[in-house]
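Before any questions on how it binds or moves, here is one chain, the form predicted alone, in structure tokens.
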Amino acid sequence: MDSQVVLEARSLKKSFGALQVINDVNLRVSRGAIHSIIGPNGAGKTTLFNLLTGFLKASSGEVIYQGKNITDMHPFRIAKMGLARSFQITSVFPELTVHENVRVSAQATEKNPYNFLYNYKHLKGAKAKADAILESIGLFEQRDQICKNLSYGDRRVLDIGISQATDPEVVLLDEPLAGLQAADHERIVGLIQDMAKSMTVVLIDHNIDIVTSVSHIITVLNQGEVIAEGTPEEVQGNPKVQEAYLGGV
């Protein structure tokens, strides 16, 4: 395996009954890259994310992470290996504070992380990590705010912070711009670029202008198959991609 390839899908397929959602997908994500996966609605992007992170089991094919076959592993084991993800719908605990949401995720990297009888005040490492992450994503001033009272944009930002709290090598972001006002786009893009300084980022989003502006490599899915891959310039000029988007990206 190429030492620069950190995450790989090999001939990956997923069907639900007679419906083939992912069909023979091959994907190679290089270490340190921002690698985006785009495609029209129903192309299979989120299904592919779910296969890569163990939330769905492949019908056939393999997922390789850092040279290890993780195809049949449970999501929590994959996450502990350093492959984290966010979701289209925000996954914060609404009744916990901003700090508590990040700390709970950071706690997963501590010794005996699920000993809930352990006094949380002694979790100094997790607390310090949560503070550092909140500082880096611009939510430190809201650290004691209950999450249900956050704006939608702040919850999306918090989702990204939670995904960083387990010290991932690779983080998969599923439509981090979904539902956001244009004013929040620059904020999220800045966070993605900051993350890419210390980890590999795999990104799904429908905002093609933003995807092409931040990505090193783009893979294009259509009807569960890879129809193009390359730099943003190569993908934008690909006739198959233009046809898939009914007039161009």
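Not measured: the values here are computed from a predicted model. Position 1 is the first residue in the sequence shown; the rest follow in order.
The same protein also exists as the form predicted together with a small molecule; that form is not shown, yet it is the one meant from here on.
Checked against the small molecule in the predicted complex, the candidates S215, T53, T47, T200 yield a single residue with a heavy atom inside 4.5 Å, and that residue is T47. A heavy atom within 4.5 Å of the small molecule in the predicted complex is found for exactly one of G32, G61, G190, P40: P40.
The small molecule is not shown here, and in the predicted complex it never comes within 4.5 Å of any heavy atom of A9. Although the partner is absent from this view, V21 contacts the small molecule in the predicted complex, with a non-hydrogen atom inside 4.5 angstroms.
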